[in-house]
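Presented as structure tokens, the chain that follows is alone, the form predicted alone.
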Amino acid sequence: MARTPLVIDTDPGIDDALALLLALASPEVDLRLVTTVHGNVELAQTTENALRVLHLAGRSDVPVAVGARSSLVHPQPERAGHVHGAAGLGGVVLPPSPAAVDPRPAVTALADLLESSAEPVTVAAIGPLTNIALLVSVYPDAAARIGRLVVMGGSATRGGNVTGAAEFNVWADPEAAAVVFRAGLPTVMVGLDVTLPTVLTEAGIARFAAAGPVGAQAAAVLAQYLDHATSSYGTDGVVVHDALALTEAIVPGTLDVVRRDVVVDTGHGAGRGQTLVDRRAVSTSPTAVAVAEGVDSAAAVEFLVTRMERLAASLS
């Protein structure tokens, strides 16, 4: 089976860790590079977490390149340690990786891969979009070679999750998101409209926890996320934002998308970071974004759990 080359740009983060494991569990894609960015926790910690998650799955061979330490213009006001734990993985300490980081800056590593790949590369951007905006600005010819850009971020109808208007990843660097969404890349926006209904329950977590040590470690990482969801939202599971974006990257067409014009609020009022999606009509603009508006949440969660069970069993 032909495998799609894949890059994950990420800020691990609990749900980012789950998304990385899902990619490694999926034979449809070939994870060739992980790039790290500021976001849920500081850059040094997101990079260390990425290395450790790859090592957990026996894939320390996947290069990890270090990206942007802060937002393009204005510093990110706060991190998300209250959700992900101070070190980003819910208080779980994974074994250190024997691998060193790639010596190239993330944007250079990504440009090199795009320019050298014989096949179109899918890029899954599941953190703030700072690295991708820098790629567009510094290496536009390389950026133009992206086969698909799947972004976890934004919201069309559900407001925000970090403010009343803004979703976390876009809010963390609105100027970068504005650059990316108007770049004319083949972009899919996987926002809160489809992620919030997609809940991984305790029963699903228990299934892959029982499949082997890697599954048990993944379940342990999710424990704080689960506690936060229960106390904050009263749900019986966790919203798998990043894993849903990765599912669309792995299996295109998982989500129902409509081409829309998207504008990011980069002002400094209450709407900062909001994605303003024009839902009046399907857009024919060359800069339109494929906005995810529909999801079979049960099928998406089953896909995730089944893949995680298979990965855990294969590494036992």
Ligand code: RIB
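None of the values given here were measured: they were computed from a predicted structure. Start at 1 with the first residue shown and count on from there.
Only in words, not in the display: the form predicted together with the named molecule, which the text now covers.
Considering the named molecule in the predicted bound form, the lone stretch of 67-75, 107-115, 165-173, 94-102 in range is 165-173 [heavy atom distance within 4.5 Å].
Contact annotation: of the candidates M152, L149, V238, A177, the single residue with a non-hydrogen atom within 4.5 angstroms of the named molecule in the predicted bound form is M152. At a distance threshold of 4.5 angstroms between non-hydrogen atoms, Q224 is out of contact with the named molecule in the predicted bound form. Put simply, T201 is far from the named molecule in the predicted bound form: not one heavy atom of it is within 4.5 Å. Remark: N40 counts among the residues lining the named molecule in the predicted bound form, judged by a heavy atom distance of 4.5 Å or less. Although the partner is absent here, M189 sits far enough away that none of its heavy atoms falls within 4.5 Å of the named molecule in the predicted bound form. The partner is not shown here, but in the predicted bound form the stretch 13-33 reaches within 4.5 angstroms of the named molecule through a heavy atom at D15, D16.
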